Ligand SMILES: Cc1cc2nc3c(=O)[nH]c(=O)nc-3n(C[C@H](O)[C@H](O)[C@H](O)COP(=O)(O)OP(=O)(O)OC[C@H]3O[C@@H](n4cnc5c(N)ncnc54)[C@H](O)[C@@H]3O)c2cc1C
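One chain comes next, on its own, written out as structure tokens in the form predicted alone.
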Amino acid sequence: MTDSFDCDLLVVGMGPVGDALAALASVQGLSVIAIDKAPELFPLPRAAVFDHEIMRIFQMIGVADRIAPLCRVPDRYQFRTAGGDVLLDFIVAEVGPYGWAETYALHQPAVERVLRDRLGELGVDVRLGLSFESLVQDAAGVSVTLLGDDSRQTVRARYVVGCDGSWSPVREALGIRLDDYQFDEPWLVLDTIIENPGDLPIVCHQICDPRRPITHMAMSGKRFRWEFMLKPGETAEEMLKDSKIRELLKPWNCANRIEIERKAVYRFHGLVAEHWRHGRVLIAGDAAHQMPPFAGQGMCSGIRDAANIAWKLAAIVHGCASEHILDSYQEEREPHVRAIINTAIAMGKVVCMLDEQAAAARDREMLARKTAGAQDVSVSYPDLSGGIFSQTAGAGALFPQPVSAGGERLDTILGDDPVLIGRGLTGSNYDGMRLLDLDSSVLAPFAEAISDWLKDRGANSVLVRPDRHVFGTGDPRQLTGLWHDAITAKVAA
């Protein structure tokens, strides 16, 4: 008897990560059901920024040009002393190596609205007002019980991904534990709308004041965010009072002209799930990892998870790969996530110092190193490794996206499949791989930039995965053979 499936992929949880995964999987040709317990989009802001890699993923989904006008590109991100001296200074490039500005400040509900609309265009079956209740999986698929207000239904899916947040019911159903970094700091997060911002700074600031560490950010449009660290003995109830908020905002002379859109006390911490997959069920985003916000990479990391998962699930369902490639998901993503958490915690330790003498010593040391030309904290993250990559130069790196003089971006011609790029790619001995020849007219606007990239790695061709990461460089026929072996090899006994 043939097993009957309602979908190839069931996505549980429809925040930005779940929306991105559902869209990417649909673009890859999978049938997708996406559910969320909320009947409507969450209307208030949460995530503050995302980077150029995420905008590139939005481009893959087909919504980057819709999302860009909704965002602000900040000039820089600075860590300052209480007196205003700059400790760390991160300049934001208007066009980075991946074809977009390096950082975008967003209004999350507006971005999510675009993603939800795109799901409708792609034909994703969106079911709102349904909560995950339980699952049973077998060798062929997963049966998931969903609970509505007055009904219960079962969905039969080939695969399930829980993108259901930090308190993930899917993770709990699998019995997965969390590794705790023991970094736990409570902060008041204040989102506001200001019609007349006047002289409010547009630069994103971390104010490293031991009397009260503060974050100030110009979000998109007329929105501004402040974050105030709670000091020992302070309570959430006290910090959320209007009188306290007016006191905290007094230095900005704006308390009488703002509309408070959202106020909440959060605990900033670092957590990583011990396992991100159990059989045909995976977890992604906050369900798999949580991090302090100082590097602005929480939502970004979850959307990277989605890009990593989507093409692998599609390759399996379409019969191009064996299921063992799902083992590479956590193998590739976890070290990257942990590197970001370590960076975010390092930044947090700079910001969250409450001892005035220790903070003064920190300021002296960091300013001296800055004067000497050294930046204390880098926001560059490692390439991916292990998993579905060859042992060749450049493997694991995100492939650049050159932009032509006319504004065209490389990914518009890369497509959604793995692609081999090089010169002299003729004949049929490439195992059905899609080929792009550097001497062809279609690659002409990008040929010089790609040739320079290959030359730097001593290679004449590159194989790029559907998630835009480099599988490897070198001889084209050898690369295609390595690719075939990597995605079809059986798990060792």
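The first residue of the sequence shown is number 1, and the count goes up from there. All values derive from a computational prediction rather than experimental measurement.
Not pictured, yet referred to below: the form predicted together with the named molecule.
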Taking 4.5 angstroms as the heavy atom distance cut-off, pick the stretch from 158 to 166, 329 to 337, 271 to 279, 118 to 126 that is near the named molecule in the predicted complex. 158 to 166
So, a 4.5 angstroms cut-off on heavy atom distances: do all three of G15, V49 and D286 pass it with respect to the named molecule in the predicted complex? yes
Does at least one non-hydrogen atom of P418 fall within 4.5 angstroms of the named molecule in the predicted complex? no
Is there any non-hydrogen atom of S131 lying within 4.5 Å of the named molecule in the predicted complex? yes
Is L313 part of the interface with the named molecule in the predicted complex - any heavy atom within 4.5 Å? no
Are any of the heavy atoms in M299 no more than 4.5 Å from a heavy atom of the named molecule in the predicted complex? yes
Counting non-hydrogen atoms within 4.5 angstroms of the named molecule in the predicted complex, say which of Q108, T392, Q78, S220 makes the cut. Q108
Looking at I35, M60, L463, V32, which has any heavy atom no more than 4.5 Å from the named molecule in the predicted complex? I35
Using a 4.5 Å cut-off on heavy atoms, what residues in 204 to 238 are near the named molecule in the predicted complex? R225, E227
